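Okay, so here's just one chain, in structure tokens, the form predicted alone.
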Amino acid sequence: MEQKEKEVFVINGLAGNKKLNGSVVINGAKNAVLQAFAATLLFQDEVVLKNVPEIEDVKNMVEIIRGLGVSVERRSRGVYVVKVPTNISTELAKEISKKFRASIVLTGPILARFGKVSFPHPGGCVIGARPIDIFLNGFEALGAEVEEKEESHLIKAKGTNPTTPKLRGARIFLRVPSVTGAQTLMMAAVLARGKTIIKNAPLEPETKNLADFLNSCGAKIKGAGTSVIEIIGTGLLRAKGRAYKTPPDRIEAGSFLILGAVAAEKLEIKNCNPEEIESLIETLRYCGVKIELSKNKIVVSSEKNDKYKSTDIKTHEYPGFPTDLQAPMTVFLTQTEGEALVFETIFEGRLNFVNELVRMGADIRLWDQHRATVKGPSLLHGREVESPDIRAGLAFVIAALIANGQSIIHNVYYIDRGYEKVDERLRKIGVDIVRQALV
């Protein structure tokens, strides 16, 4: 990890010219595969995971699980086999968990199977220190005791027979429709006694994808992908040779679509599901971007003199505009004609990256932690920037790509957490980008 944090991307920009051509293949979804790794703790036999993206967050998850005593074997590129022994450690490693927000999804399966779990407050990046009351309140509803220490949390199932499920079913209303919260509690409920109902659940397709696989292995989950999820506890699951195949990453697909809109003559985005990013596609079409769709491919194209009009965006839970695409979309808006309001409704602090875009020449005014106005079009100029998080890091790559001159992007580690070998893939479509280690 330390070596990755010392690497930078050096990018020579196109000065606003649309010159990129070619195709990119979308990898497995980060926001699906991490939960799938956690779900393997619900199984009494080995689980095969396929189409696993080779990203830093997967390496982090594998490191944490192995640290618990779980067997994780990488058989080939994108294929992992996980086998959980009878007894494992129930304490998540502090240092890596504090840096890695998704580690919290492990807490539900560990608590439900082994009766207790200890973990630090999870982090990840500048937007990583987020409330976890949804998880803690959900565990309490399922019959667990929550003990909050100075830097960690200890969760224990109360007074149950160790030969039976340690949690009990409950009715849980999520204060906000948290994706990781709903998935974590859903997995815990698979091993709980009785029925659990989760209301105000998020609609993200990754939740349904996970539930479908668990159901194929013996779970009883209804309503995943809707606002009400019903789970009847079944005990440990059996894969019996079934493999989990990670679906395409809709956020990666959307990121490349935005990149194509601002910098490509013609870009094919393969192995994706256009229906899962309809909000982005329709927004870009409204702005004047030419987009062709087929079942699992998107083609974005442009002419030299194409001009795009501006539009407001407001992030929202699925199927609304994804918060994970807000940063790349803000870069796109710097190249459109007119003024747009960007309203980030999900996370505080996620708009702070715009200060670097302003230094690159963008006309952006940050009003508060949730709102910014973007006026365009602006010719951006290359400069040194630091990636504050995964999505803003990729947004800086796009900004550097369309800028005039050379840019250096620090904290490449953040970008690698969500995008597999993005520099190699960008070079194949014509981007002048190299990865360098700082001396």
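All values derive from a computational prediction rather than experimental measurement. Each residue number is its position in the shown sequence, starting from 1.
Absent from the display: the form predicted in complex with a small molecule. The rest refers to it.
Self-check item: the small molecule in the predicted bound form: contacting segment from 192-200, 346-354, 223-231, 142-150, heavy atom within 4.5 Å
Solution: That would be stretch 346-354.
Quiz item: Out of Ala102, Ile364, Ile298, Cys287, which one falls within 4.5 Å of the small molecule in the predicted bound form, going by heavy atoms?
Solution: Checking each option against the small molecule in the predicted bound form, the one that comes within 4.5 Å is Ala102.
Quiz item: Considering Glu303, Asp133, Glu337, Asp312, which brings a non-hydrogen atom within 4.5 Å of the small molecule in the predicted bound form?
Solution: The residue from Glu303, Asp133, Glu337, Asp312 that makes the contact is Asp133.
Quiz prompt | Close approach of Ala29 to the small molecule in the predicted bound form, 4.5 Å, heavy atom | solution = Output for Ala29 is no: heavy atoms all beyond 4.5 Å of the small molecule.
Quiz prompt | the small molecule contact in the predicted bound form: Val176, any heavy atom under 4.5 Å | solution = Within the cut-off, so yes.
Quiz item: Would Ile390 sit within 4.5 Å of the small molecule in the predicted bound form, counting heavy atoms only?
Solution: Judged by the heavy-atom cut-off of 4.5 Å, Ile390 is in contact with the small molecule in the predicted bound form.
Quiz item: Does any heavy atom of Glu204 come within 4.5 Å of a heavy atom of the small molecule in the predicted bound form?
Solution: Flag for Glu204 set to yes.
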